[in-house]
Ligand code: GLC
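A single chain, nothing else alongside it, follows as structure tokens in the form predicted alone.
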């Protein structure tokens, strides 16, 4: 049985804390109704009615090589794709169900193709697997918090065998961990407090599940949602008493934690904010409320400055295309990352006060001042004195930035300043990054 070991833990999360930026991919039958991935639950769609989408599913434009190139060009270092979402539909060739992509008109193992394509681009690969399943007959129906038939007494839970469902769940995870090569990350979703039974931890036979995953995939990372949802609590690692099914990282959803995440004892935790580009994870045809690239660049910087990652979602359409809005945003992010990635990869908290003009990230003895707006007068480098600074350069061009020596700073003899020159307009209107190398 797996037990927590601090040294092994720190070794396996190392690549994750270096990567800082990843792509989340939510895709499945729900791309056809195009009203989000929870459509079957929110609209209480019966199984027979939902099966029309199974009969129709044929993403003729699906080319994961294009997705992988887009992720790489955006500066992403890893990806996580839905192998099975809450509706129970599998994008892989599971031998334990007929409800899978290989049995649709598509006839393809979409997960295998995704893994091959993203690995070929040098990206780390992860799989999302829903602990919930609205298709399986043995999963709780009536009275469940989320099941589409939760309000219909005709779908009584009598004669439903939850252990039989757990055998199915464990069997599918075994397939994913056995048949698809090396996986870098397993993203389970999610635990919750059902009225009749808390759906968390050992309810999922969590210790057994995690031990199997870690045996089959040594070094794999696992999120914390075997214990918690994305909205409440951080699990047993946060408590300082990691259970065998603990998560390697916390994954707050649709929020960048205001102050990062510390455990109960005040130590930094490994975490990843998962965020949508618009307001839905799965494709939603009428949701055009996309966050601009400038905002998402700043949110990525914010995550890193607080010691976390950003997992940014795309929801491909029913034909297998990532929406044009998402592609344009990713290309804009990629343009910025191409010039400034060294201020993101392998960086973390600066251990300094947040400046008024932006954020600070840090890698060893180098500070990266992210300027979202310019200052009046020379740029104050809070927490530093002139004798602390070895050199200053614009990250995008390598051009030297001299220390400020004007009379304007005379009232602040113990504070270092950078002379950004006479132009009040920064060289990058989104985020101009100043590298400050420290002495010693």
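Residue numbers count along the first chain shown, from 1. All values derive from a computational prediction rather than experimental measurement.
The discussion below concerns the form predicted in complex with this ligand, not included here.
Only one of the listed residues (167, 253, 175, 121) places a non-hydrogen atom within 4.5 angstroms of this ligand in the predicted bound form, and that residue is 253. The contact residue chosen from 77, 86, 200, 243 relative to this ligand in the predicted bound form is 86, the criterion being a non-hydrogen atom within 4.5 angstroms. Using a 4.5 angstroms heavy atom cutoff to this ligand in the predicted bound form, all of 190, 274 and 281 count as contacting. Remark: residue 21 does not count among the residues lining this ligand in the predicted bound form, judged by a heavy atom distance of 4.5 Å or less.
In the predicted bound form, this ligand lies farther than 4.5 Å from every heavy atom of residue 35. The closest heavy atom approach of residue 368 to this ligand in the predicted bound form falls outside 4.5 Å. Contact check for residue 141: no non-hydrogen atom falls within 4.5 Å of this ligand in the predicted bound form.
Only one segment in the set 334-342, 181-189, 91-99, 112-120 has any non-hydrogen atom within 4.5 angstroms of this ligand in the predicted bound form, and it is 181-189. Of the residues in 115-142, only 128 comes within 4.5 Å of this ligand in the predicted bound form through at least one heavy atom.
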